Structure formats: structure tokens, C-alpha cells
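Next comes just one chain, in C-alpha cells: the form predicted alone.
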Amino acid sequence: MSKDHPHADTSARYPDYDVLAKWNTPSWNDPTRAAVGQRLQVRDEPRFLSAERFRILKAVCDRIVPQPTDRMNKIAVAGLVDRMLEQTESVGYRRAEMPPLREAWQRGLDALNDEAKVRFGAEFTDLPAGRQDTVLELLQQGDVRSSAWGDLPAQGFFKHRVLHDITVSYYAHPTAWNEIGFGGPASPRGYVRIEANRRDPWEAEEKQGAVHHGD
């Protein structure tokens, strides 16, 4: 990490960029600072889920959004999901085939763990990374054997809770904003140059010759 930009990732596309440098500028207002500040305080520890369910959630988060091993300030993704569950019973909508938010996560984590036992004879958290990925891929395909799923659709749980809630939590954090060069909340500053391939002055400039994952 650079001394001037403690949250910057020097190996990324935007090595010198730190969105939090905007903290005390007119780009951010008090509500923005309060909201972001709350996210920065979240730790990877349970406040709603049981300790066992939280361990499973954390292992799932590590497979869905693996973070650089040398990242000093890792995003507490499981903590952010757990905080969401603590603070709300609903995200404002629910698919007919899915139970309410909290119930879906609690039942889904239990069933996912039982699926790991049925498939590989071990708790999900005790499986090596490759087999954890296999369990998640089977959920994505709806190919499950555990009776613990009951009427909870495994494919729906993976798509609408695991994939959605984990990625939304990850990319709501300033460290992820640095990773993708996101300029931060639009309020109160707004964006002006909204055409393709044009940057506003406060947006990050991509490092020339950066290696893109998947290239």
C-alpha cells in the first residue's frame, strides 16, 4: 500500500487511486460520509447469524469473491451480508418461490452444508477450495441431493441470495470501488461526462498496460 493512499492497491488497474481521498472534499456530503463510514466499521463477525452459519457464509464469500492474498484491508463481505440480515427483514421484494430474506439465508446455509456432507462426507468449511466450488456449481445448476433443501429451490438460493447479496455487499465497499476505479457516490457532485470512454476529472485513470483478469 502506498503511504499517501493507504487503501490503494498498487498491483491493480488503478494503483494510486483511493476513493476515500474524496472524504473531506465537496464531492461527498455528510450523509455519504455517514453511510460509507458505517460500512468501513463492519467486521467479519456475526451479529445476526449463528456462529456456525456465519462460518459457512464466510467460506462461501471467499469462493464467490476471492480477494487478493496480499490485500491488507480485506473487505468483510460476510460481515456486510450478516449486517444486512440484522438490519432488515426484506430487500423490498421477494420472488414467489423464495422464502423471506432471513429465512432463505438460514435455511440455505444449513442445506448447503448438508449438501457438502452428502456429496463429500464433510462440512462445507472443511472441504478444500476445489470441492467447495463444486458444491456451489451444483447449486447453480440446481443439481442437489440433500433432503435439507425441502421446498427451498437451490438454484434460486444461489442466484437470488448467494450471488446477488454477496456481490452487492462486496461492491458497496470503498476497497472494491478502488479496484474498479469507481468515482464514488454521485451525490452531491453528480457526473457530467457520461459518454462512453470519457472521464470526469475526479474519476480514476486506468494504468496503461494493466493486465485485466480474464485477458
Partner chain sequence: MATDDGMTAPRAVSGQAPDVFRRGAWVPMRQYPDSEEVDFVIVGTGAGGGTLACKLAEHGFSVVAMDAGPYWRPLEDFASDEAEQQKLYWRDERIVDGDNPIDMGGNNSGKSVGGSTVHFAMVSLRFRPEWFKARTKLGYAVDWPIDWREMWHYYTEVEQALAISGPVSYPWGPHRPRYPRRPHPMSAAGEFLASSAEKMGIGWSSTPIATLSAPRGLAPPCVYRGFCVIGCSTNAKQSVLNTWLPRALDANAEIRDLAMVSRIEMGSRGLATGVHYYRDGRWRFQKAKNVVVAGYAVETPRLLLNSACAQFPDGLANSSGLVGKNLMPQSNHGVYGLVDQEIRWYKAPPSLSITEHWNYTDTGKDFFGGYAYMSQGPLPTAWAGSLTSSRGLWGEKLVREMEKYNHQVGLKIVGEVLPQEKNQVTLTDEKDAYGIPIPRITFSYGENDKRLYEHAVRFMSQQMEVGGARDLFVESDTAHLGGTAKMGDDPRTSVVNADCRSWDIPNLWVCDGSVFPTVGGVNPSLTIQAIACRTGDRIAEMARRGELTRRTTPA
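For clarity, a rigid core is taken as the largest C-alpha set superposing within 1.5 Å between two forms. Residue numbers count along the first chain shown, from 1. Remember, predicted model here, so these are calculated numbers, not experimental data.
Keep in mind that the form predicted together with its partner chain is missing from the display, and what follows is about it.
At a distance threshold of 4.5 angstroms between non-hydrogen atoms, Q41 is out of contact with its partner chain in the model of the complex. When its partner chain is considered in the model of the complex, P153 lies well away from it, no heavy atom lying within 4.5 Å. The shortest heavy atom separation between P46 and its partner chain in the model of the complex exceeds 4.5 Å. Using a 4.5 Å cutoff between non-hydrogen atoms, T125 does not count as a contact of its partner chain in the model of the complex. For a residue to qualify, one of its non-hydrogen atoms must sit within 4.5 Å of its partner chain in the model of the complex; all three of R13, R63 and E179 qualify. Residues from 73-93 that approach its partner chain in the model of the complex with a non-hydrogen atom closer than or equal to 4.5 Å are T88, S90, V91, G92, Y93, in the order they occur in the chain. With a cut-off of 2 Å and the rigid core superposed, W23 has a Cα displacement that falls short of the cut-off between this form and the one not shown.
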